[in-house]
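First, one chain by itself in structure tokens, the form predicted on its own.
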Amino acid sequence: MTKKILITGSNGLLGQKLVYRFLNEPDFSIIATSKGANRLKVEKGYMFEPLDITDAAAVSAIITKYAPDIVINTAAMTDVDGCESKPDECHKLNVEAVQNLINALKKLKNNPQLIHLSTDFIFDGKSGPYRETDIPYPPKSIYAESKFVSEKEVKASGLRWTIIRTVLVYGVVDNMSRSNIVLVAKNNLAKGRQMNVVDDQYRTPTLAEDLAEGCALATIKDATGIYHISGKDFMSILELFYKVADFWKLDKSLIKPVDTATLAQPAQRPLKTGFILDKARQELGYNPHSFTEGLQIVDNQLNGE
């Protein structure tokens, strides 16, 4: 029996990868939703509905119309510094919108599952990389707080739920309106721009295809609970930039190491996060690419392959 899967934020990096991933699964029919017009190049094989998930009535109407078996919520305000300057907007999209989805799904009679995307930023960054059993400490930013609160909403929803946390996602999508760390590094270095790059923040950067695969595995295996889905290579942001420079044979002398304190960013970042992937490997069969393999995939896509 075909299951209906509704994806929010389908124009975004993860949202697009999820649509394409589930097009390969004949047992799922896809409803892609996003604010504004559809930005995917492939327009066949799924339904698209424009949806602003901060509009409770619109969410209720779409959920009632399609009665999905699974909702994967990728929509979020992820601009960490932007959340500091627009806290109300952040709360509306990252917390209230999740409540809208929960309220709409609770009215269905088919026992739907909510798969919600979260972040490594809910941890304080003092003892990463983290397992699913590690307790989040008081979040360090308005963005982190909003994701922390949204996790609590999902856990208390009474729905079948899955929380997938991830780290520093990168990749290439159709009609991209926003960039990500790998493309920022590549494009600036290619233009000969000097860049100040932090040497005291550590992550496990995540290829968007790998994150989509982790979400798909959790969906197909009907997994519930919390899963950490990220890349497998633990590195500093500085090392990430060096690896990008090496891969595309760009000038590493343009990269100037600095510590986080000197940047005076509006939002405080956790210094050392990243994830331990044992649970996802064992329970889902998750096996991410190496960072270098991820860069090759990005390069192939940029070249239209």
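All of these numbers come straight from a predicted model, not from anything done at the bench. Throughout, we count residues from 1 along the sequence that is shown.
Although it is not shown, the form predicted together with a small molecule is what the next lines describe.
*Should residue 19 be counted as a contact of the small molecule in the predicted complex, where contact means heavy atoms within 4.5 Å?*
So residue 19 does not count as contacting the small molecule.
*Heavy atom to heavy atom, is residue 60 within 4.5 Å of the small molecule in the predicted complex?*
No.
*If you check in the predicted complex, is residue 168 within 4.5 Å of the small molecule, heavy atoms only?*
Result yes; residue 168 sits at the interface with the small molecule in the predicted complex.
*is_contact(residue 272, the small molecule) in the predicted complex, heavy atom dist at most 4.5 Å*: No - in the predicted complex, heavy atoms of residue 272 and the small molecule never come within 4.5 Å of each other.
*asked:* If the cut-off is 4.5 angstroms on heavy atoms, which of these, 101, 83, 117, 185, is the one near the small molecule in the predicted complex?
replied: Flagged contact: 117.
*Report yes if all three of 11, 53 and 147 come within 4.5 Å of the small molecule in the predicted complex by some heavy atom, otherwise no.*
Result yes, every residue of the spot touches the small molecule.
*Pick from 244-252, 258-266, 63-71, 32-40: which stretch has a heavy atom within 4.5 Å of the small molecule in the predicted complex?*
The contacting stretch is 32-40.
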